[in-house]
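Next up: a single chain in structure tokens, the form predicted on its own.
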Amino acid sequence: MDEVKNNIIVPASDYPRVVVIGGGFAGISFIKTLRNKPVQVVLLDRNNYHLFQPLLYQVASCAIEPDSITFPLRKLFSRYTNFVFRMCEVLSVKPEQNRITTDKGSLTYDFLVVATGGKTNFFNLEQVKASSLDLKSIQASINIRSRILQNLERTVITTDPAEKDALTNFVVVGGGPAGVEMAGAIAEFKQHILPYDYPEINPDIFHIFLIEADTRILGTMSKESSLRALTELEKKGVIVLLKRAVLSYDHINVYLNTKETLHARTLVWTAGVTGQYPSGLHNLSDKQNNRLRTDRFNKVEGSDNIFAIGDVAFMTDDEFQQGHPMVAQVAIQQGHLLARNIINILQNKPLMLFKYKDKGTLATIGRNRAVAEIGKIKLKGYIAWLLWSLVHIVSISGFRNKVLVGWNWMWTYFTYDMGNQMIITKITDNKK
């Protein structure tokens, strides 16, 4: 018999109910580890699919289609006997009642796992937020793709030199892996697509700017890898501006702290990530970059049965005194360990402390160009690019998606053809 709780209907169960908010890397890892264990796992997410975020930039640059990096959550867990999915927007948490409120009703829990991930951090630059494009969702990546293509279509018909210049200038803000990969992908678009699909446009007026406030790009990697990436980007024609910060952007003018001004109709913001979580948890924890402070078991401080994993969790130890990096590997490892600890709690066994095992950092600059660091091993060029490709193919959910992405990459590699230049949504200056 099903249980009705203010319109949220879930199957009745004699097992403790574990509610997971968010179907990203952390939530998926957690649920996979609890497959058919003596708990009822209820996943709540605003979308009905898991998104492989590391390849969003390839959707944005016309390299692959959106459905290649998404996988239905119900299909992902279709053989799990203890899994329930409900698509809804979580509005608030009431810890004193062990209850969650959503736009579809409310639901009680025995354990709550907050795996809501992060959102783009615009550092309180409201005009930049309103005028730029970010890279955190499928919709956002499609918008970037549409904006790039629309700008080129406008370029071939405009007679205004200033407007033509702004339409063919593309600014990427943030020199981390996402920004480096986005800039490199647009550079490859310029090299392999622009001359053939837009012969009316002189490639010399097509400019790509990568802006980084720090003294170097890829700041989490070694100086050697950072310099290698910078060199490769510049070889591809990307103009890298270091020690610059964006102060404002109004759809056409990018104002920098150095009093420089760039003119561009497209600005992609990848400069920061901040945590996000439902209301009702603010009083349970101090915040660091809007992340929930947890102990070494991922339990939110001030709570008994609420846990946070992934980007939203702020956990410190001797090695990571400022918190762990907001990357997929941390999320996956925290999800796996917390699931084991939930079972340990139910079986009255000792809990295991989280210890992050860094499996390396990868960043690609384009075809045959990448940098990789695995422990003390540093790779570059084709070998690093091949490793990057293999790691991402293996990590994508679903055999079909692995095949689709692999086939697209092979086709593009041998033919230089990116066949995904469709304008799916019409993006205006007032619409993100």
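Since we're looking at a predicted model, the values are computed, not measured. Start at 1 with the first residue shown and count on from there.
There is another form of the same protein, the form predicted together with a small molecule; it is not shown, and what comes next is about it.
Enquirer: May I ask whether 64, 147 and 366 each come within 4.5 Å of the small molecule in the predicted bound form, counting any non-hydrogen atom?
Expert: No: no residue has a heavy atom within 4.5 Å of the partner.
Enquirer: Which one, 130-138, 241-249, 184-192, 213-221, holds residues whose non-hydrogen atoms are within 4.5 Å of the small molecule in the predicted bound form?
Expert: Only one stretch qualifies here: 130-138.
Enquirer: Look up in the predicted bound form whether residue 172 has a non-hydrogen atom within 4.5 angstroms of the small molecule, and give yes or no.
Expert: It does not: once the small molecule is placed as it appears in the predicted bound form, residue 172 has no heavy atom within 4.5 Å of it.
Enquirer: Quick one: does residue 275 come within 4.5 Å of the small molecule in the predicted bound form, counting heavy atoms only?
Expert: No, residue 275 stays farther than 4.5 Å from the small molecule in the predicted bound form.
Enquirer: Using a 4.5 Å heavy atom cut-off, state whether residue 45 contacts the small molecule in the predicted bound form.
Expert: Result yes; residue 45 sits at the interface with the small molecule in the predicted bound form.
Enquirer: Is residue 18 near the small molecule? Define near as a heavy atom within 4.5 Å, in the predicted bound form.
Expert: Looking in the predicted bound form, residue contacts with the small molecule do not include residue 18, since no heavy atom lies within 4.5 Å.
Enquirer: Find the only residue in 229, 115, 338, 292 having a heavy atom within 4.5 Å of the small molecule in the predicted bound form.
Expert: If I apply the 4.5 Å criterion carefully, the residue I get is 115.
Enquirer: Of the residues 342, 281, 90, 142, which one places a heavy atom within 4.5 Å of the small molecule in the predicted bound form?
Expert: By the 4.5 Å heavy-atom cutoff, the listed residue in contact is 90.
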